[in-house]
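Next up: a single chain in structure tokens, the form predicted on its own.
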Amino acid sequence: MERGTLADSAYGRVAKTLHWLVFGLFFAAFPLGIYMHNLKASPEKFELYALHKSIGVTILTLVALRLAWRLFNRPPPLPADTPPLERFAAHGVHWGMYAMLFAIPLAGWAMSSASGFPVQWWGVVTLPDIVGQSRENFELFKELHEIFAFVMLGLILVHVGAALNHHFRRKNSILARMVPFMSIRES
């Protein structure tokens, strides 16, 4: 297909699938993390932590796949009329989200390693510790894990706000490029 057609302006099925899987998993892990944070030690709390960790490792895996996919399948370009500052912001938010989607699970993994509770991925694979066991390491990575999660939430809000702005105010197809059931319209 010739470059520049409407079909070229949409993301492919693989990119869309990975995008929405990561989105759904983040919005499963985030409230779960908030909920379980203050629970008293119990079998339920340990089960929820195991679920949270498995979701985190799955996110880490899917984001690595998404970046690998992106290396060989360039994303569609922004509309030609996108101002330079907006282009810079869009790229910054995207790369910030990628960074957080690596940093959050890695900080969680390090926190688990530091606490002496190994990370098991869906009860099948036990991941190796990535930092030494210590209270100081635990506190550091716990704080980073929480900060990164809230930074990610903020980046998602900016990302969604920008997509909605493009759809409703600017009336272009930025949102439709990633939403499976929306059709691309000419800008």
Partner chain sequence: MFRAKIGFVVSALCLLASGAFGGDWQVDTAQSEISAVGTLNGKERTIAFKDYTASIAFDPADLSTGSISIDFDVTKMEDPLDFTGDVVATLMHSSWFDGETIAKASFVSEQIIQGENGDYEAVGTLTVKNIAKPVTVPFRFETIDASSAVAVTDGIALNRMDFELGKGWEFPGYEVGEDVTVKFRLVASRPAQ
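Numbering follows the first chain given and starts at 1. Predicted model only: the values in this text are computed from it and were never measured.
Here the subject shifts to the form predicted together with the partner chain, a form of this protein not shown in this document.
J.: Could you confirm whether residue 123 comes within 4.5 Å of the partner chain in the predicted complex, counting heavy atoms only?
T.: Taking the distances in the predicted complex, the answer for residue 123 is yes, it comes within 4.5 Å of the partner chain.
J.: So in the predicted complex, does any heavy atom of residue 53 sit within 4.5 Å of the partner chain?
T.: Yes - in the predicted complex, heavy atoms of residue 53 and the partner chain come within 4.5 Å of each other.
J.: In the predicted complex, does residue 98 have a heavy atom within 4.5 Å of the partner chain?
T.: Residue-level check for residue 98: no, no contact with the partner chain.
J.: Would residue 115 show up as a contact with the partner chain in the predicted complex if we use heavy atoms at 4.5 Å?
T.: Yes, residue 115 lies within 4.5 Å of the partner chain in the predicted complex.
J.: Just one of 41, 34, 68, 157 has a heavy atom within 4.5 Å of the partner chain in the predicted complex. Which one?
T.: Contact check passes for 41.
J.: Heavy atoms, 4.5 Å, the partner chain in the predicted complex: which of 24-32, 143-151, 157-165, 41-49 makes the cut? Say which one.
T.: This holds for exactly one stretch, 41-49.
J.: Given a 4.5 Å distance limit between heavy atoms, list every residue of 122-153 close to the partner chain in the predicted complex, or none if there are none.
T.: Stretch hits, in order: 122, 123, 126, 129, 133, 134, 135, 138.
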